[in-house]
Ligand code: ADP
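The chain below stands alone, shown as structure tokens; this is the form predicted on its own.
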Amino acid sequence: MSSHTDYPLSVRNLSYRYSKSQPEVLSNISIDFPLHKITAIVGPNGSGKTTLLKHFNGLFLAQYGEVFVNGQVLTKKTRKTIQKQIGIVFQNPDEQIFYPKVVDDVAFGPRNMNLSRAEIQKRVAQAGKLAQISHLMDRITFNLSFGEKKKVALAGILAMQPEILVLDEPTIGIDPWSKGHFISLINSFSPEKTVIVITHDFEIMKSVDNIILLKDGEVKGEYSDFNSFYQEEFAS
């Protein structure tokens, strides 16, 4: 395994348990996420995917092992700086949407970064275009469909311009047409961002650059394409 400084995000020997009386949810996890590539983290429910995700920007801090973002170890002291570099879009957009009006919600992150009014407006417009919600900016958020809310939550993160983008089950709960649209959207980010997708969706897995299989809190496989993953896990 290469040095953690070679990657925008690296996890080294990470272990985590929710209490001393419970077994480890993550056990000695080591993963490197390559620059400007899309990596899918897959595995059955209860395998530790969401717990791992919460370590990426300091929502959880490592009990054992380390997480590095652009070569800097993630600690309580560095968490605030690192959170500006990595954005997470959670599975349920209602957990991330705060404002009644779409444009105000997308602007929430940039406003908290103490940017100028002109810069905030510029970022909101750019994020709306990237997430393909420019036509929704004047809408009321609770009148949107679930798929539209997912895009609004995504735009809110994009407006903060993170270098690393993490998406938790981005296609769950949306219709087939919107799913294809969302997958194309995800693929469009990788030339400029490092993208990590937690998913059960085979259609997403078919288009990513790397697949990490997590089972029982451990890395059980790493694959460079969907076919090799499918042959080993399902076809044999």
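Keep in mind that what you see is a predicted model, and the values were worked out from it rather than measured. For every residue, the number given is its place in the sequence shown, counted from 1.
What follows is about the form predicted together with this ligand, which we do not show.
Remark: none of the three candidate residues (Ser21, Ser27 and Gln63) comes within 4.5 Å of this ligand in the model of the complex, counting heavy atoms only. Of the residues Thr199, Thr39, Thr51, Asn57, just one reaches this ligand in the model of the complex with a heavy atom at 4.5 Å or closer; this is Thr51.
Contact annotation: Gly180 falls outside 4.5 Å of this ligand in the model of the complex, judged by heavy atom distances.
Looking at Thr171, you'd find every heavy atom of it more than 4.5 angstroms from this ligand in the model of the complex. Taking the partner from the other structure, this ligand in the model of the complex has no heavy atom within 4.5 Å of any heavy atom of Thr194.
Gly46 belongs to the set of residues with a heavy atom inside 4.5 Å of this ligand in the model of the complex.
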